[in-house]
Ligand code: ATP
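Read the single chain below, which is given as structure tokens and is the form predicted on its own.
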Amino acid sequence: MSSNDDWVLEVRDLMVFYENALAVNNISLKCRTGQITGIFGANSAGKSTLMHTISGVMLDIKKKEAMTGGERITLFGAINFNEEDIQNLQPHKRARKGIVLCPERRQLFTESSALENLKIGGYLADKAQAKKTLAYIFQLFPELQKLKNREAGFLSGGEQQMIAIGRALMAQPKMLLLDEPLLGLAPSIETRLAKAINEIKQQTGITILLGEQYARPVLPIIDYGYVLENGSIVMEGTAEDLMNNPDVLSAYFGM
């Protein structure tokens, strides 16, 4: 039986409504310290909504919608990080506690260089941390060393994703949220990035929550996984549990 100290993140009975549509339906999950937890599901299953809610970005979206008379967003449930209730904590305060989101579709500053994009992520780091982390990113992604002065908008999708992950690492995360990091990438790049994500876990001990539509490339690196369908968890287990379920394999993992 694990002690509570093993869990860095615990989500309990989380519900997110857009107007009257239920985007996240009574989700409870845990992420164990220093492990990779996978969230798998088809498009619109609720993965990004979950990531935005855990990171606190959803509070900003909710506020913006309210100010512009847009969709009414309602949140219920509890989110605990290191045994502290953070449900009402603003995203910048969550980032200071170590929860860092690497967003879907990268969201880089395309007219800035690769190096400038990386340095933008270092706003929470002191000089020594920033220097050490930058060296680590170039070790993790040696390709970026040669491309550091190129404008990010001229780089390939895979290279841009390396920058996005690197930028998130510059923010000194204790928990890294990766929202669809393999979206739209070639199979060889998917494999390359999955290997790098595993190396981040092994080499830094950062806890990782990984949301992905196509589980096949990342299934070998996760420690535990949840399958989402229409905002609800329909299956959970170790990578081995998920691999041994033929229905899950055919429906979600393309196997």
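What you see is a predicted model; the values in this text were computed from it and never measured. One rule holds for the numbers: they count along the sequence shown, beginning at 1.
One more form of this protein should be noted, the form predicted in complex with the named molecule, which is absent from this view; the next part is about it.
Participant: Quick one: from 204, 44, 26, 191, grab the residue that has a heavy atom within 4.5 Å of the named molecule in the predicted complex.
Facilitator: Looking at 204, 44, 26, 191 one by one, just 44 meets the 4.5 Å heavy-atom criterion.
Participant: Heavy atom to heavy atom, is residue 71 within 4.5 Å of the named molecule in the predicted complex?
Facilitator: Flag for residue 71 set to yes.
Participant: Closest heavy atom of residue 151 to the named molecule in the predicted complex, within 4.5 Å or not?
Facilitator: Heavy-atom contact with the named molecule at 4.5 Å: absent for residue 151.
Participant: Answer yes if any heavy atom of residue 37 is within 4.5 Å of a heavy atom of the named molecule in the predicted complex; otherwise answer no.
Facilitator: Output for residue 37 is no: heavy atoms all beyond 4.5 Å of the named molecule.
Participant: May I ask you to check whether residue 48 falls inside a 4.5 Å heavy atom distance of the named molecule in the predicted complex?
Facilitator: Yes - in the predicted complex, heavy atoms of residue 48 and the named molecule come within 4.5 Å of each other.
Participant: Have a look at 219 to 227, 26 to 34, 196 to 204, 48 to 56 and name the one stretch with heavy atoms inside 4.5 Å of the named molecule in the predicted complex.
Facilitator: One stretch meets the cut-off, namely 48 to 56.
Participant: So which residues in 161 to 200, when you check the named molecule in the predicted complex, have a heavy atom no farther than 4.5 Å from it?
Facilitator: The stretch touches the partner through 180 alone.
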